[in-house]
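Coming up is one lone chain in structure tokens, specifically the form predicted on its own.
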């Protein structure tokens, strides 16, 4: 644990809090991609298969439970809640997200740290997380209607990944033999997907104008 890892975890948690705040208090999921939320639910379910068999720390276990519970709760809200589901923009959220799952699974079968079920699922979750935001970014680009909470959600989600990269750099120089190529490459790909959004988010904040992505 270091300051970059802790800041990354807190930023990731903050992104979830912002999204749940939007859904629970405003009773709206406008601008939020259900496809991305479903992919994140798969990511956490695959990554935390060791939840009840491998104890690292209370902090680690609590964070796992929080992300599992929140991801499935968000999907439930968007699909089942009688008010929230009416605000879901299914006409624009049409990215075929299932086409991302199979390539990530095949890649995990080919490139993993150890060919066991849990390790393959862990690698699969890393690869899938790298591209899970894609349907969300496509939806925002199509609608160009980005409210403050949605913009903050995506920004914090991207910031979490940037902070994790700084965490890896710090650990590389302070811990001997710290090498995790799978996480590193996937994390860089994920961060690059946010680059365009980051630019327009920062420019809108700097100029005090509404955030809009180019069509």
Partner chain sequence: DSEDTKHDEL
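Positions refer to the first chain, counted from 1. The shown structure was predicted, so the numbers you read here are calculated from the model rather than taken from an experiment.
If you look for the form predicted together with its partner chain, you will not find it shown, but the lines that follow are about it.
- This chain is drawn without its partner chain; in the predicted bound form, the residue among 28, 152, 70, 167 with a heavy atom within 4.5 Å of it is 167.
- Residue 63 belongs to the set of residues with a heavy atom inside 4.5 Å of its partner chain in the predicted bound form.
- By the criterion of a heavy atom within 4.5 Å, residue 56 is counted among the residues contacting its partner chain in the predicted bound form.
- In the predicted bound form, its partner chain lies within 4.5 Å of some heavy atom of residue 118.
- Among residues of the shown chain, residue 127 is not one whose heavy atoms approach its partner chain to within 4.5 Å in the predicted bound form.
- Residues placing heavy atoms within 4.5 Å of its partner chain in the predicted bound form fall in a single listed stretch, namely 110 to 118, out of 94 to 102, 132 to 140, 110 to 118, 78 to 86.
- Highlighted residues 24, 144 and 147: none comes within 4.5 Å of its partner chain in the predicted bound form, counting any heavy atom.
- Scanning 178 to 194 for heavy atoms within 4.5 Å of its partner chain in the predicted bound form gives 178, 180 in sequence order.
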